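Only one chain is included here, represented as structure tokens and corresponding to the form predicted on its own.
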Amino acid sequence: MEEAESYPPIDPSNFDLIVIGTGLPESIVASAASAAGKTVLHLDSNPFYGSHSASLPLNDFIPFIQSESQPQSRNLTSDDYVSTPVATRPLYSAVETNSYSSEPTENSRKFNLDLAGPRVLLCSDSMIDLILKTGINQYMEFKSVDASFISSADGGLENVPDSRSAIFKNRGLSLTEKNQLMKFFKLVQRHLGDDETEDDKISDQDLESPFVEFLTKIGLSQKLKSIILYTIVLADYDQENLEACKDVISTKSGISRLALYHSSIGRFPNANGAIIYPIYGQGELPQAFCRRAAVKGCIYVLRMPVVAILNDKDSGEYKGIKLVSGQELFSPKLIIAPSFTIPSTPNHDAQVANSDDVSLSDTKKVARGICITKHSLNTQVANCLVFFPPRSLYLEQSTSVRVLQLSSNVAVCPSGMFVTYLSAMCDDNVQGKKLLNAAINALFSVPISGNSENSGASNLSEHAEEKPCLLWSTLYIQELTTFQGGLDSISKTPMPDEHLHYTDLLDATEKIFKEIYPNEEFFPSINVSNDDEGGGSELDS
């Protein structure tokens, strides 16, 4: 009873929508529903906003991903409803942390580490459009990612020639390769142009073919194909091995992604290239949407665990939720974060199907890593991307490894330090750790003391004297289950995906909103007042 009294009662008790979890998808839906005039209650058991999309201090980061989720089994009785206990399951596994210096942990509160890194925003992608449309750019600021690099054949890092000026400045390309790349970019520009003739258009047959085959057909070198496929088009899997490739990119899709990248260059006057990153970390995004939702009337309660779903005793239909305090709240619709499971019971299997069971065959994994150093990967840049295409680290490497280095100028670490995120798609924990360790050994000087795993020998050892020394690192595996099924009244949001961008996550989130409210617009356009609370932003198009 004393525990129940420690939680304040929520008033009112009836809402149009209840949302559990403040991750980015949940926060977007809550904000969109509030904008549509719905009454929304947004709950999170954590003491911070963002859930699995959060940016956390170093000492809070590891306990969060290591935490063991336990099914709630208290306060489940209800006089009027069937109470189905809500359980949570960890999305992370195989957590491995190495500390080679006390300096990072001594400055823990000065770090803002992304749970779902690496992640960036293309200046012309759909998430930026939504940020501008909703006006949440008044709550955020961004910095440019200074450069992109790709692993070279000799083990160094070469600048990605992603624009006309970058092609001319690039010292790693031969004159023939520069001309080939320029011609290819012009071909794409003509194909997408408004005044193109049939002779300028890429044929339908080529558009439906694998992009790698089209690039080969027009005579691009292996090096140029790798640059286009893995640093601009952002392919995950080895496109050269079409039989084994799990996601073959078509020419049509490749051209579309290339066009998005090029349209991102120069969109904003304060962005040097195509890519930007939010100051204080990616966790600022869900917080900004929550802030907008609160302005529209959404009620927020943190540190509030939900212990049960309430169902009608006769029909089994969803009616509401039960809090750890014992309070019962009601809504016709419920949104739950991807870490929640609702076990089915014999009395209402049809209404409370466990959507996780439906989608177990769709489980994929992404290996994620974070490294802290005192020196940049490249002395000329503070914030940069690095790409290791398939087979660039070792012959059996079948997926691309992506790396994002960030500095203190985006307020994610103390001055004089750098945070580097790594990610790679993988089939299992062993493969994932091998991929990340190979990239870490390629980029950093890893002290022997405390280094528990050095699998995946790198072919870049001759550059060891130039590498930043590793101070701290953590590796972990995140599930990428795609949830299918679900209920008419209960929807589960997507978990953080493997991509650098938010496009797929945003598409899935918008789909959830439209399924819940098919007659409502997903964020009507607004005129943002200059008097609204919030700081300035470079996102002024």
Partner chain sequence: MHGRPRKAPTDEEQEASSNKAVKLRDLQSQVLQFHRNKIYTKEAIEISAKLLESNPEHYTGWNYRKLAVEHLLDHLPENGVDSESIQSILDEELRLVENALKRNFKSYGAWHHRKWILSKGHSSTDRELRLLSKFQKLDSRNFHAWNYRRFISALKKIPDEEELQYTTNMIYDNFSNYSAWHNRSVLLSNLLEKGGKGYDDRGTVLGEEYEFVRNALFTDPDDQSGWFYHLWLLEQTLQREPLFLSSWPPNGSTLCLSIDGYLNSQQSWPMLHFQSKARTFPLILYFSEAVEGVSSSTVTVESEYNAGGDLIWRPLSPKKFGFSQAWLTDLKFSDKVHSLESCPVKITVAHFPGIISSSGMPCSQSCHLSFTVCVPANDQERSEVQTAHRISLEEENFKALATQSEEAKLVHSLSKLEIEKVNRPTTCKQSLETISNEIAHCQELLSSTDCKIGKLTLARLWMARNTLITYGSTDDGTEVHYEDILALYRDLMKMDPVHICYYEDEYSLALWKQATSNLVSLLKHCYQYQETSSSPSMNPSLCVRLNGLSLSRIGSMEHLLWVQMLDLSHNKLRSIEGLETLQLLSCLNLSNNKICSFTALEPLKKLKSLQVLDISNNEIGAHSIDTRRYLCSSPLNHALVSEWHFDKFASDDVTLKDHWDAYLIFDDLNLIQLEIMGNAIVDDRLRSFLFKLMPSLKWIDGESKCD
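These numbers come from a predicted model, not from an experiment. Positions refer to the first chain, counted from 1.
This protein has a second form, the form predicted together with its partner chain, left out of what is shown; the following refers to that one.
- Of the heavy atoms in K169, some are within 4.5 Å of its partner chain in the model of the complex.
- Taking non-hydrogen atoms only, S203 never approaches its partner chain to within 4.5 angstroms in the model of the complex.
- Heavy atoms of S152 never reach within 4.5 Å of its partner chain in the model of the complex, leaving it off the interface.
- When its partner chain is considered in the model of the complex, V95 lies well away from it, no heavy atom lying within 4.5 Å.
- The partner is absent here; in the model of the complex, the one residue of R391, K217, K183, K246 having a heavy atom within 4.5 Å of its partner chain is K183.
- Site annotation in the model of the complex: the residue of Q222, S315, Q380, N179 reaching within 4.5 Å of its partner chain with a heavy atom is N179.
- Considering its partner chain in the model of the complex, the lone stretch of 158-166, 423-431, 204-212, 395-403 in range is 158-166 [heavy atom distance within 4.5 Å].
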